[in-house]
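In structure tokens, the next block holds one chain alone, the form predicted on its own.
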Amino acid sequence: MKVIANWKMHGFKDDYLHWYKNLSKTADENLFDDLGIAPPFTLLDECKIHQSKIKLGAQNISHLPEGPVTGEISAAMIKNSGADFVILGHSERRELHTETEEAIKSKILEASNHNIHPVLCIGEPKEIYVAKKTEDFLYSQLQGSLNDLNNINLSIAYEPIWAIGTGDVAKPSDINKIHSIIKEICSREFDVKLENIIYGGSVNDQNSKEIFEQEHVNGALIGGASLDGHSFGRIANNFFEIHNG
């Protein structure tokens, strides 16, 4: 998955069918193999029923395989619902649910053990960005989440916290530099196969083309702009115009 729709806590059954129809009107279905959608858990089955080309993902899993943990969803459960990938370590989960790096590492391992592709989110808050300490902050997140894992395939979503849902977007050249640094750190420090590094943070159909033009940007994790099928389709078209045009 290179362009992923993260619906967060939005959407009902009728919304998905409407969204998919609008996406199909805007984007060529031949592009769908590299698209992903992470709806709420309640829509996983609905998404699987209505289409098979777009990769299906979850927004989170438990760090435990099973057990008496009310309200949690296991990797095995989302795999059984047809999920291909899972978003892990999103800043909203870290902040609102106090997720630790150790828990995120356990979730990556759980996902990998059930053949679910982990998409690890990392990103710095505004004060770190202003202080020009982004690289050190991201290194710490990567170290906490990936150290001691062996032979793991994953993707990374770089999402500066100050850009998520704010309308502020990092400069494309800065995004490219950070992605290059993340690749270098992962290849040097960890036993992982990094399939893609994608960018997230107020990406829309207006700014996505310039972001996708950057050498080290392999795609995007889209929040608010992904809720409209036409909008998400235009972003997908921008990606494939750059990479397959």
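What you see is a predicted model; the values in this text were computed from it and never measured. In this text, residue numbers run from 1 along the sequence as written.
The protein also exists as the form predicted in complex with a small molecule; that form is not presented, and the subsequent description refers to it.
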Heavy atom within 4.5 Å of the small molecule in the predicted bound form, from candidates 44, 182, 35, 203, belongs to 203
Partner-contacting position among 164, 142, 73, 128 - heavy atom within 4.5 Å of the small molecule in the predicted bound form
164
Taking the shortest heavy atom distance, is residue 11 within 4.5 Å of the small molecule in the predicted bound form?
no
4.5 angstroms heavy atom contact with the small molecule in the predicted bound form for residue 92:
yes
The small molecule contact in the predicted bound form: residue 6, any heavy atom under 4.5 Å:
yes
Could you tell me if residue 229 has a non-hydrogen atom within 4.5 Å of the small molecule in the predicted bound form?
no
Between the small molecule and 159, 221 and 224, in the predicted bound form, does every residue show a non-hydrogen atom at 4.5 Å or closer?
yes
Looking at heavy atoms inside 4.5 Å, which stretch does the small molecule contact in the predicted bound form, given the options 84-92, 110-118, 147-155, 97-105?
84-92
